[in-house]
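Starting off, we have a lone chain in the form predicted on its own, written out as structure tokens.
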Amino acid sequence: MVLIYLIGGLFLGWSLGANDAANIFGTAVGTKMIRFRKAAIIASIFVVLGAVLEGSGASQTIDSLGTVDDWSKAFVISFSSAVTVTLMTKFSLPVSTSQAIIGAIIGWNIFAGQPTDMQLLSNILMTWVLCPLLAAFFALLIYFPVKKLVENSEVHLLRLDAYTRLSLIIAGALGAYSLGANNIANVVGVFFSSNPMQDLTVGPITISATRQLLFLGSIAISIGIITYSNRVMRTIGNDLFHLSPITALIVVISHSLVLYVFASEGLRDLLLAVNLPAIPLVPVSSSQAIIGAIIGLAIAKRSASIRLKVLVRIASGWVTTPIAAGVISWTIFTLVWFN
């Protein structure tokens, strides 16, 4: 029975892996520096690590947005989000799983007649704006020193190519870790209040119910990466803006930094310790981060070759995703009431 109710979350995890997780290696695969199979395996491993080790912070934020105290309600919210993301993925649109789960939760709140925490929602909406802007800023910041380093390098071309491949793998692993830490909240956050898992003790080791939930969600993400992410990788890697291996590296690093900033409890505590404003622990859009980084890179290169039609198509997915998820969630709750 527990697994039946968790299917909605696991389906959403698969959808996230198929869509959002494609961003972490999309530029590397699109430039043919790394084969898809290798990228998928590395991404899967580090997504699990990030989710299990640092995924609880952003997950608690999702749990706080709406009171979901029943497994069946959490199932409907997750299922609605997953359906939305899967439909968008079918059209090769790198949509935001974060926006889908937020839209579905608000759909539930409207149906249940319960208030949405507007302060928390405004913080989340703010991050939807800050995410691509911050990614663009990081790309601008990184581009010029990397360009200077490459131009002044006397390393043989073949060795430089090997270094670039290795750097893309490391950056992709960091990106996958950050994605797991940040976006696992979209998969299991709504189950936190009604977590059906029990603490598991194996010898001297006790695995908490929360860790088990995070692990299951991350496995679902990994399956999505391996089975269905190649299609969206082509959209990110080739269609929007032509990326060289070096610029692909810059994009992946910028994207990874943004996701980690909004996921790290350690970074938040450090800022508070030195009396600086805390960064909200919020699941942000991996797709928005990667697109923001690409646009920042285009600005740094003073390039006018951004494919505006592709950008508009992607942006339209960001607008329609939370609305569609909210409508689907509200409709399912209206048609079928779970006690």
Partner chain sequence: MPIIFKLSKNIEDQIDRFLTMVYDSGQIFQDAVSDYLRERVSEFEKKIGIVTEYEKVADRLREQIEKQLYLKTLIPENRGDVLAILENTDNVIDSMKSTLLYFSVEKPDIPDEFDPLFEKLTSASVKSVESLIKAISCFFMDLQSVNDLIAQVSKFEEEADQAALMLKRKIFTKDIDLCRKIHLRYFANSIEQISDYAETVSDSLAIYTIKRLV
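Just so it is clear, the model here is predicted, and its values are computed rather than measured. Residue numbers count along the first chain shown, from 1.
Although not depicted, the form predicted in complex with the partner chain is the subject of the following passage.
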Q: Indicate whether Asn152 is a 4.5 Å heavy atom neighbour of the partner chain in the predicted bound form.
A: yes
Q) Applying a 4.5 Å heavy atom distance criterion, does Lys309 contact the partner chain in the predicted bound form? A) no
(Q) Whether Asn123 contacts the partner chain in the predicted bound form should be assessed with a 4.5 Å heavy atom distance threshold; does it? (A) no
Q) Does at least one non-hydrogen atom of Ile169 fall within 4.5 angstroms of the partner chain in the predicted bound form? A) yes
(Q) Please pick out the stretch from 178-186, 211-219, 80-88, 140-148 that is in contact with the partner chain in the predicted bound form, where contact means heavy atoms within 4.5 Å. (A) 140-148
Q.
Within 4.5 Å, heavy atoms only, which of Leu133, Ile110, Ile207, Ala162 is in contact with the partner chain in the predicted bound form?
A. Ala162
Q: Report the residue, out of Ile226, Ile246, Ala173, Leu267, that has at least one non-hydrogen atom within 4.5 angstroms of the partner chain in the predicted bound form.
A: Ile246
